[in-house]
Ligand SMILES: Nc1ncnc2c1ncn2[C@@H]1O[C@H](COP(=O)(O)OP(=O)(O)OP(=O)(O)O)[C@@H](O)[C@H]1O
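A single chain comes next, written as structure tokens; it is the form predicted on its own.
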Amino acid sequence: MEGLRLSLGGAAGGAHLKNISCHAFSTLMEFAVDARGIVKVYEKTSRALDGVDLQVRPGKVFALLGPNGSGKTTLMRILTTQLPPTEGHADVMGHDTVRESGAIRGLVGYVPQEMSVWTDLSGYENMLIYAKIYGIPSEARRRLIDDSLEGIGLSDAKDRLVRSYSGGMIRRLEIATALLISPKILFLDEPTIGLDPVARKAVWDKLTSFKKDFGTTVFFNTHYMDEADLYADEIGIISRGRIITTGTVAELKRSVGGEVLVLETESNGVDAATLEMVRGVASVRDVALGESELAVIADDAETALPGVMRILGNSGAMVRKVSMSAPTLDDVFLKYAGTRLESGGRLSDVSRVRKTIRRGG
């Protein structure tokens, strides 16, 4: 099976951990994740992470946003002890990811991007395999599995082969297996990628309920800005292997400031000299150029618009459409990463794989 989840969970893991309050556990440490100067180099030349510093407080939902190839998955694999860093140091729930990897695996749940369940087995059989991997005692397995499947809304489908599940059902099953041990921290790599809005909401309803009940820290990567906006307590933006900024959604939106003008342009219509002239327009605070649009942050968008249009016209840039809005998380990402967060290619790949699975191919 491609992408088998790392065996995270200690001996006799599971619901006996439910009797230990995650809230109480969290008070023993300042950070659930504490990464300092993390560098990861592949094959001596490819620098996937370039000095990552990141702290996540216990009991929070943290979203890591970044373009493809920015280092999100590499960082998550280091934090879940699957990869050692080339340089730097990371603690997860107070344990060193290299020297105390075993302790971390007893506290962590992890759901990768790749398929992590067997499609030729039933939902219940998949859960039973993971219960054994996690070391859950035999007398507790059926009860825990039934409770988990009921909580994730899969009780009626537990005896069906997973290849007959929808994409949303498969993802919920994968998350249910990770929750079997009631982890202190849950890592989710693109938890709802390729799912329709209804399925995405069902997944997040379960995650939100679990976090509320157990105080679990949730660390997730996503391409969906609305998902980060709705569910994350704090957000980090990563680009080219470095954390550019972190903060709450409100803080990051305030950091953009003012109003946002978005001008859709021809892809080659705005050069560096034109950008500098736009920055000099009265009321303009900042500009960011995407592949086919120019975002202008201004104290007063209506005041800035005529001057911006005049400069673009004089430079020969073709403007197809203009819109105004208050700052969004998309604008935050554009400001700090210098590009929009694109997910089309990855979404297509995931959707194609899930359709193939449902056909039994």
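One-based numbering along the sequence shown. Just so it is clear, the structure is predicted and the values come from calculations on it, not from any experiment.
Another form, the form predicted together with the named molecule, is not on view; read the next lines as being about it.
*Asks:* Is the gap between residue 315 and the named molecule in the model of the complex 4.5 Å or less for some heavy atom pair?
*Replies:* Result no; residue 315 lies far from the named molecule in the model of the complex.
*Asks:* My question is simply whether residue 325 lines the interface with the named molecule in the model of the complex - judged by any non-hydrogen atom within 4.5 Å.
*Replies:* Heavy-atom contact with the named molecule at 4.5 Å: absent for residue 325.
*Asks:* Decide whether residue 294 counts as a contact residue for the named molecule in the model of the complex under a heavy atom distance cut-off of 4.5 Å.
*Replies:* Because no heavy atom of residue 294 falls inside 4.5 Å of the named molecule in the model of the complex, the answer is no.
*Asks:* Answer yes if any heavy atom of residue 105 is within 4.5 Å of a heavy atom of the named molecule in the model of the complex; otherwise answer no.
*Replies:* No, residue 105 is distant from the partner.
*Asks:* State the residue from 308, 298, 332, 48 whose non-hydrogen atoms include one within 4.5 Å of the named molecule in the model of the complex.
*Replies:* Looking at the other structure, the residue within range turns out to be 48.
*Asks:* Identify whether the named molecule in the model of the complex is within 4.5 Å of every residue in the set 148, 209 and 214, based on non-hydrogen atoms.
*Replies:* Not a single residue of the candidate spot has a heavy atom within 4.5 Å of the named molecule in the model of the complex.
*Asks:* Pick from 68 to 76, 285 to 293, 92 to 100, 171 to 179: which stretch has non-hydrogen atoms within 4.5 Å of the named molecule in the model of the complex?
*Replies:* In the other structure, the partner sits against 68 to 76.
*Asks:* Can you list, in sequence order, the residues from 112 to 129 that come within 4.5 Å of the named molecule in the model of the complex, counting heavy atoms only?
*Replies:* Going through 112 to 129 in order - heavy atoms within 4.5 Å of the named molecule in the model of the complex - there is one hit, 113.
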